[in-house]
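Both blocks below hold the same protein chain, though in two forms, and each is given as structure tokens: structure 1 and structure 2.
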Structure 1
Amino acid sequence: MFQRQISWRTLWRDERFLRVFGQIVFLLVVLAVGRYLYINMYRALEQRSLLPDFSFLNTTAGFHIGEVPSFLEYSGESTNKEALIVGLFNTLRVSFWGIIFATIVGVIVGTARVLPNPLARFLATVYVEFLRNVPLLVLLVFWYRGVFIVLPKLTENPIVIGRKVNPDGTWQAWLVLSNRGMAMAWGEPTEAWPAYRLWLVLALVAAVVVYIGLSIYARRTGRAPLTLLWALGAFLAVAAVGWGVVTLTHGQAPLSLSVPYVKRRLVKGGIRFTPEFLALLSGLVLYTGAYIAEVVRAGLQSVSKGQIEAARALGLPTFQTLRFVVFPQALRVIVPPLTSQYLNLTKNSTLAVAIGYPDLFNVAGTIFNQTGRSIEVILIIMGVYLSFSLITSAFMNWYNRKIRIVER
């Protein structure tokens, strides 16, 4: 009769046992190291009476923040939590504009890299090859210290567009660029603005309705209307009608033009940007733009020439070739790395700390210096950036599912 002997000797040669055993050992080692580090940390923090505790969030921050979004209140008496929220919104603000401008720059330069015009191609190549091989921090510091804060002073000879001197000695301009930052003419909400906001919501609804309607139409008939363009048109049309209606009923336009004017050393009116914000934004845009250009170029080049020739042979005009053949295939290649570039831009905005723009990391660093709460601060920062990443990768997964080539 076959009898199975179980002894250590046979067990040691059983791969199934070894796999489980090895994992248990690994887990134990990880846990032991973790416990060791935790005990050390606990002791060190206990000694300094800094055991993890988030109540510091509700104590007074007591430091100044250079720029605060207009919809938030922040003063010297605000709490650390409010300071962090200001920092978070500053991060979001610079990332938002950075993403938009970097995309514009990237698409232009990336397209120029594949054009037949050798001069444009050369310029684009120089731009990409230079920017991609220089550290972002050097670029940022160069922009800030070498360009933005050494611009002419307001009292000397600032860079202006459309300057006009008023009788009382002040002067105004459409755009003022000095060592104090930039000010630009901008629409300022008037009393009619709240009424107009309703119209904007209405316009949005109209755009969504048009979008959905056209999508259904496209699916039923097999035609391909320019859905997004029509939706945008609907939005603009309703917004324009609303503008007229509100202006007539309220007697004033929802936005009035506010032109920056300069009184000695102060700029007022218009929309104003600090040199820190400008340096950070332009550095991030130029740097990420170079990477996006490469992404765009790779996407455009990934569409094989045969596809374009086939489209031509079928008689598609240039625009339709681009819309139905080149873009859908190029976008499939472009979007995933593009999203990771957006994420990189957001993460790179932490370098703001080197030039004094109060983003989340900068504010958190200040709080750490004041309170000594290392673990809590690190947890908060990492939590925020991790959730950015997770949201982005969730989007990516959704998108990848959506555009996956349908196979048999």
Structure 2
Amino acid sequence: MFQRQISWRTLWRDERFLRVFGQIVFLLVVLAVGRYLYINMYRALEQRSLLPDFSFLNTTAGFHIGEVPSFLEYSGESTNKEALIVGLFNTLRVSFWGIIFATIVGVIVGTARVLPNPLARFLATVYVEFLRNVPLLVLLVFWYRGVFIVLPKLTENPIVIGRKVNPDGTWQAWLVLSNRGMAMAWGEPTEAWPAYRLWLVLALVAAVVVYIGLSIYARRTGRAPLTLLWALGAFLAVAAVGWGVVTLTHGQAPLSLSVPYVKRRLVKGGIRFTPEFLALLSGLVLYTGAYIAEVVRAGLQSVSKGQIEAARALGLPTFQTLRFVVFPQALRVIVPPLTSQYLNLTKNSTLAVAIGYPDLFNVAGTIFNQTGRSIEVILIIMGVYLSFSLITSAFMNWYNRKIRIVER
């Protein structure tokens, strides 16, 4: 009995017990607060006859969306669920391209900030310091109202590349930039496209095989071939062979070139981008690219100068020094904060409501105003953006584990 009393007394001095006990207490407090908030919300909604109900998703939306992906069908008679799907794909499109272009801009500017060229360093510093100190909302409004909306009209003198006037009074061009947005030449699928898709799958498989093979070769020999470049070459080679085979067997190419043509105030053909999409994408890319540039600069400067001097002593030029010595070591510092910038870009896309781009948040807000289902709409928005964040974090964490140094 005496020994048991002593053990219980010493238990309160055990760090392991206190750590677990503290977490249990904190979890109980969180559950209690959450339960209180849920009961309070439920009673308030019950008094107003607004208990959570997602049946509104199957009712008619009753509003039009200005920008609908070509592979989706939507009209005012579509349901609210279909409207949310359109907004979801619009958000995915601007986030995907925003991440790619912001990364390219950030890597270029961040590398320029550590180059020995004083002019490149000065221009990169001005870009970073200016963009990081301008609110994103102000930048988006400026790009929309101060750049794309004030472009020349189609009936005046729009910016064109490769203009050609037709006998019927219409004219076409490879690229048309006006206050209606941007239209450019693009490929349209033909009847041979389904057969060519099989060749694209085969090209992708070939690229993966080449990439894996060269990666194994690099680990065994210690040499570093241009893995991505050779994989891309394999993909393009198989795709080119498939293009020729499909064209010969079907009598037509898998894609036919569609050039935009203008008739009065209408643009048809090619691929078209609205001013809202261009303004949102430009603002997100330039704004996030400035922060990514600082992340890249910090990562490059984290590599000791001795590594760079050793590479130069071996006779490596600047490009190979960056590729083989600096960037592989800097990535271990760059990737973790880079994940946060990707998440910020995706979440910052909700500011599209300020310039009228129909992203998920904008469409959901319209549905909320029409149905009054605030809790349900907010839950949908939170769930979607939480999924985006978790998927992005999972991918970046996997890549971070792949490139980290494993000590033996």
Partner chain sequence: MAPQTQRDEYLPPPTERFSLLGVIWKNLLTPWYNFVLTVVSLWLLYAILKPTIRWALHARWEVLPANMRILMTGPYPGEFLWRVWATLWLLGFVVGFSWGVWVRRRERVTWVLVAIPILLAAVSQGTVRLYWLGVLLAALIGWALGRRLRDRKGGLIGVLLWVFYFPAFVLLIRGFGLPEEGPAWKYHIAVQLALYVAALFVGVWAAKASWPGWIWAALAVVGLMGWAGPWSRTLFIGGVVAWLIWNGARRYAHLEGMKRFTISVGLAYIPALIFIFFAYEPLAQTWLSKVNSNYWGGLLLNLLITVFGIMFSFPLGVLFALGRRSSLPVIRLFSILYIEFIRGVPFITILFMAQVMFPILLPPEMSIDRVVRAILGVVMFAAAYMAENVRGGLQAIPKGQYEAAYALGLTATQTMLLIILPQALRNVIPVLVGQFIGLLKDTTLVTIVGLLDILGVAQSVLSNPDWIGTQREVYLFVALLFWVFSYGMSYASRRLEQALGVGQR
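Predicted model only: the values in this text are computed from it and were never measured. C-alpha atoms forming the largest set that superposes within 1.5 Å between two forms make up the rigid core. Numbering for residues begins at 1 and runs along the sequence of structure 1.
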{"item": "Answer for which single form is the form predicted in complex with the partner chain", "value": "1"}
{"item": "Rigid core superposed: Ser78 CA moves 2 Å or more between structure 1 and structure 2", "value": "no"}
{"item": "Is_shifted Tyr42 between structure 1 and structure 2 (CA, 2 Å cut-off, rigid core)", "value": "yes"}
{"item": "Met382 C-alpha relocation of at least 2 Å between structure 1 and structure 2, rigid core basis", "value": "no"}
{"item": "Angstrom shift of the Cα atom of Asn397 between structure 1 and structure 2 (superposition on rigid core)", "value": "3.7"}
{"item": "Once the two forms are fitted on their core, CA shift of Phe21 between structure 1 and structure 2 in Å", "value": "10.6"}
